[in-house]
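Given as structure tokens, the chain that follows is alone and in the form predicted on its own.
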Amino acid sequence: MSKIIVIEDDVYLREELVNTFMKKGYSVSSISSFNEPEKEILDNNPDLAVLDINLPGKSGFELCKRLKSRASFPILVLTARDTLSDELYALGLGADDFLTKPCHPDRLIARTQRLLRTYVKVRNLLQTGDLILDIDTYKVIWKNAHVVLSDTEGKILQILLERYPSVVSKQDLFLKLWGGNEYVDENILQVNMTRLRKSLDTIGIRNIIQTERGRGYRLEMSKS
């Protein structure tokens, strides 16, 4: 089920939008406080954001720009501002679509579906349960939290996810990461595995990487 977040300060319109998306089967959240909107949006880890421009505090334009620099979900601007310059400016900041209010619910849903379909095709994601890894950026998403891994940490997790639930041998990991273990210290794998575990721990993922003595490593989702 795709998750949508509505960023709209008009309480009545916000409720209307939430109801529109819920009727179509989406999981929907919204923001009612605008003290830290960027943090709240990212913490919700949405698949798509519906963003108004005229917001209290930080403008929707600035919020769009900052979100696009930190996240990979599409942003659909829905605003009463209907000038071409506003639309071009929003698109230039990274907005993926621009609609003006009032907007027919069917048009809003159609644009939302199009953006979600497009992003599913372009985002390079691996997912097992609630664990998602963007293998382009090595951003790990877990429920409402996320962390960006180093390249080596990301590659290790990618290999484990691709082979889940099988055990990946140390030899396979050395081969895929460093081309073998002939010219690298054997402790390097354990060091990077420890770093990966610590990185995952920061977002609440604990004991997910299991060591199989004499065999290698595997993911155990029930341990998370």
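Keep in mind that this is a model prediction, so the values were computed, not measured. From 1 onward, residues are counted along the sequence shown. In this text, rigid core is short for the largest set of C-alphas that superpose within 1.5 Å between two forms.
Form predicted in complex with the DNA: not shown, discussed below.
- The candidate spot formed by E16, K23 and F98 is out of contact with the DNA in the predicted complex: none of the three has a heavy atom within 4.5 Å.
- With the partner left out here, the DNA still marks one of 40-48, 161-169, 27-35, 195-203 in the predicted complex; by a 4.5 Å heavy atom cut-off that stretch is 195-203.
- D151 belongs to the set of residues with a heavy atom inside 4.5 Å of the DNA in the predicted complex.
- Remark: S69 does not count among the residues lining the DNA in the predicted complex, judged by a heavy atom distance of 4.5 Å or less.
- Taking the partner from elsewhere, N207 is found to have every heavy atom lying beyond 4.5 Å of the DNA in the predicted complex.
- At a distance threshold of 4.5 angstroms between non-hydrogen atoms, N54 is out of contact with the DNA in the predicted complex.
- Positional change of A49 between this form and the one not shown stays under 2 Å at the C-alpha, relative to the superposed core.
- Relative to the superposed core, S169 undergoes a Cα shift of 2 Å or more between this form and the one not shown.
- Taking the rigid core as fixed, one finds a CA shift for E15 smaller than 2 Å between this form and the one not shown.
- Distance between the C-alpha atoms of R70 and N207: shorter by at least 3 Å in the predicted complex than in the displayed form.
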